[in-house]
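What follows are structure tokens for two forms of the same protein chain, given separately as structure 1 and structure 2.
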Structure 1
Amino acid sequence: MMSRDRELHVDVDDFALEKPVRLLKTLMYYPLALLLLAVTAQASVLTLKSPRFVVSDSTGNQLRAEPTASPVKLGARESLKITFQVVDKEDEKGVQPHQTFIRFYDESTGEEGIQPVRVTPGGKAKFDLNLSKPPLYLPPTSDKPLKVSLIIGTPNYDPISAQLFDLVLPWSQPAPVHPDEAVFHPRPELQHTFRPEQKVPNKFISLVFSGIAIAPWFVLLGLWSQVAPRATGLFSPSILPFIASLGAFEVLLFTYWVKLRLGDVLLYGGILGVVTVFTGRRALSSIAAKRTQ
């Protein structure tokens, strides 16, 4: 019985030591696993298989058909067909990339045009360019060739930017002139000419002539005071409020000309009108009473 218990105790101890040993072995092989994973990731490379271009005329006859070479020249009525297959470099199996583009680049002007390319699940792709109906993505062309390259990007693979060939195209025709094109060009700058500041005459001269202009009014008032009958009782308590209400009307009209609005003038004028009616009746009554005495 004691020997059996001892065997059981030994087995338990061995099991307790086995778990740390496994963990230690796992840690020893972990850097090796990372190295193998990095090598595998670096080995995921795409490549092009059987790239080929075909140049055809307007009737469909092949003028040139061969693997990609440089340069490739197209006429105004000719078409270009590019075929290739995207494969894994290791096992040469077809791969359908996530993104595939054909790029046309003019080094002299910096203009470029990019067009997506459709790729089948087996990695095969075909691209057509017909100059009888030039596509809009083509940059303006001159005597310099366009650099044609292929751009491929997909997860788990290194991206590809492969130069295919130089493409020589006919010169682009100038764009038609829009009738309103001149409106969108810079106009000559407007040079504003301002009048010089008006010269102010001497203050003494201004005062002299202002006095000459106002002097006849003083003369007229002086002569009128000698001829016209004097207003008796003008400042009496019964007549003065009526005179003040008339003066308030003149002040209201001047204030309206300076800052008030028409609605305000009508409101204040209505109030002053009621006051003027009562003060006027009182003034007339007092004048009539003095005449009857």
Structure 2
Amino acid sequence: MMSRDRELHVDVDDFALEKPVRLLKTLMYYPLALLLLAVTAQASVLTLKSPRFVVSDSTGNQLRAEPTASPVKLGARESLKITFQVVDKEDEKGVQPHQTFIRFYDESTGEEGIQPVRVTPGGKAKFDLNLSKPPLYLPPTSDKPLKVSLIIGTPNYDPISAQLFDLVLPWSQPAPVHPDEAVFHPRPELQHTFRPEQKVPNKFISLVFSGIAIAPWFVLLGLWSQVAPRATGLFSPSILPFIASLGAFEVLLFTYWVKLRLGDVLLYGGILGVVTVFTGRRALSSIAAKRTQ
């Protein structure tokens, strides 16, 4: 405390201030110093007087007494009794804390169970764990020991959180799994299966079938050579432009397949279409005139 007061004074002396302002600053820090003094003066320590624990079986015979560090094993019909008195360390007077808990903690699963302990106004506490009627606050147990600790909290005293001993209880049902538990952990990785790549068939078969597919052209040419009608008017000046524009359309479409893009082909196709309309009308009307003659 005295060092703290000295620090405060050093702060003020660092500044070359006028005397009344310096006095005012000292007075400002004074209540803070008083408060700190009060807190450290009243911090007291609690302690336990005559702690005793007893394990007894169903008929009341004592099996174990006196606290020990090694794990305490409790059978299915036995009971554990813990008694102690909470006193102030300095004047040995009984204190009734605001909060007194016994905590059972399973380190492997992280489950815990907490039970408040009744403490009389004189500080005497009694805790009873009867396994023939297992209480609900016990966490799920396995063969791993539970760490039993005592937690005491009350104003004006330092809190206590003291490990007492390890407790081994009989197996219980495991903790129920929440239906949404799987959502909070990473899911198993999805393995997508893709359709296997399609492969090109055997080259020889491809060649054979290419030949077979081209064969109808020869059939067509052969048939046409037998029944070709006379193409007298094909190259007359009224009909030839129409044939030429039809041929140009086919060339345009082939070029589109090879290198053009859609916009280009539509543009050229539009222009060529206009041309074809005019040549077509001329050609077909001349043929119609010749037919009706």
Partner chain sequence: MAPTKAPAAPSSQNPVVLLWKAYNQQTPDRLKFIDAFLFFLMLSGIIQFAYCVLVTNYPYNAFLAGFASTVGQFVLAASLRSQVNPQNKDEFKEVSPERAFADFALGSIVLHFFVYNFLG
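Under this definition, the rigid core comprises the largest set of C-alpha atoms superposing within 1.5 Å between the forms. Numbers follow structure 1, counted from its first residue as 1. Computed from a predicted model, the values in this text were never measured in an experiment.
**Prompt:** With each form of the chain shown alone, which structure should be assigned as the form predicted alone?
**Reply:** Between the two, the form predicted alone is shown as structure 1, not structure 2.
**Prompt:** After the core is matched up, is the C-alpha of Val54 off by 2 Å or more between structure 1 and structure 2?
**Reply:** False for Val54: its C-alpha shift is below 2 Å.
**Asked** Taking the rigid core as the reference frame, is the Cα of Tyr137 displaced by 2 Å or more between structure 1 and structure 2?
**Response** Comparing forms between structure 1 and structure 2, the Tyr137 CA shifts below 2 Å.
**Asked** Hey, does Phe218 budge by 2 Å or more at the Cα between structure 1 and structure 2 once the core is superposed?
**Response** Yes, Phe218 moves 2 Å or more.
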